[in-house]
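In the block that follows, a single chain appears as structure tokens, in the form predicted alone.
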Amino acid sequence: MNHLPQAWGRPRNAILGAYNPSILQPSGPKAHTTSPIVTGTSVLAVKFKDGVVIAADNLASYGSLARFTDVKRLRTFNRRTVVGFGGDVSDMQYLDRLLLSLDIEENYGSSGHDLNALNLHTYLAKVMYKRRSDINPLWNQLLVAGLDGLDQPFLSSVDLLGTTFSSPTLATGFGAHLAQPLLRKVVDDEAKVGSVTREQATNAVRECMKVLFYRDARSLDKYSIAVITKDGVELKEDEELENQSWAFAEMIKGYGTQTV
């Protein structure tokens, strides 16, 4: 055997001939991600009269396996914006580095102005649409929560196609089906935002996180929650669900609420 480290595990060239490196060259077209492997599930957010509450659990699933249980999917940007990431974790990490470089550039800029939540959402929408146009999308759905240039609550989403949407309540993943009806009971249109307190919004989000843990197989009982107001961002990254009760499970037979 050849004693050189780069040749460990194969016979000498004199026996089988020189190694042909061309077999390692890809012969097909360049390929991009078509099916994310490690993913995060729901992100929830709701406006209230002084700001926005946003939450996401700390689980990253490897396919259907609850593999990584300490992945923080809420990122703060300056002092009045939080971005929540659903979808592919590797693309989330890429966007996180992109936002970090943007934040550094803004901090060292000479304009004297910083980006608010509306500006950041516009930037991310352009990034997502550009990647989609390159047929190499970032497999994420983002919620951007914070305050706009007038210090009013701002909440909007952008998906892998660059499509944007704004609403007093938003959710990604399974939360769009399970949590949105519960959040809309608290605030169903922009006119109701001014009457919703911080406590009401926070309690509604916490209750929705509990429902998602009960019903969504890709969720976890540990989550991050952030409250954005004029005073800044209050982020808690290691919250746990309280007062869990599985008593309702006794009434469930198979799929749905069958009792026979």
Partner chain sequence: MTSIGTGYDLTNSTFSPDGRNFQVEYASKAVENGGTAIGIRCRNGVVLAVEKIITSKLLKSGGNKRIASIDRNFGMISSGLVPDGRHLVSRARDEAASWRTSYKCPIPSSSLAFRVGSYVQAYTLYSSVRPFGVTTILAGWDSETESRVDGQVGSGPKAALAGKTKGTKAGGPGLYMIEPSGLYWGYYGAATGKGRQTAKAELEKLDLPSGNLSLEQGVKEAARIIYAAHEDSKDKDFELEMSWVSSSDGPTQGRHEQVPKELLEQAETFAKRAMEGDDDEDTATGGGETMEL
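Computed from a predicted model, the values in this text were never measured in an experiment. Numbering follows the first chain given and starts at 1.
What follows is about the form predicted together with its partner chain, which we do not show.
By the criterion of a heavy atom within 4.5 Å, Gln93 is counted among the residues contacting its partner chain in the predicted complex. Within 4.5 Å of some heavy atom of its partner chain in the predicted complex lies at least one heavy atom of Tyr108. In the predicted complex, Asp103 approaches its partner chain with a heavy atom inside 4.5 Å.
Contact annotation for Glu237: at least one heavy atom lies within 4.5 Å of its partner chain in the predicted complex. With its partner chain omitted here, the record of contacts in the predicted complex names 94 to 102 of 159 to 167, 134 to 142, 94 to 102, 174 to 182, defined by a heavy atom within 4.5 Å.
With the partner omitted here, the residue from Val71, Leu118, Met128, Val187 that has a non-hydrogen atom within 4.5 angstroms of its partner chain in the predicted complex is Val71.
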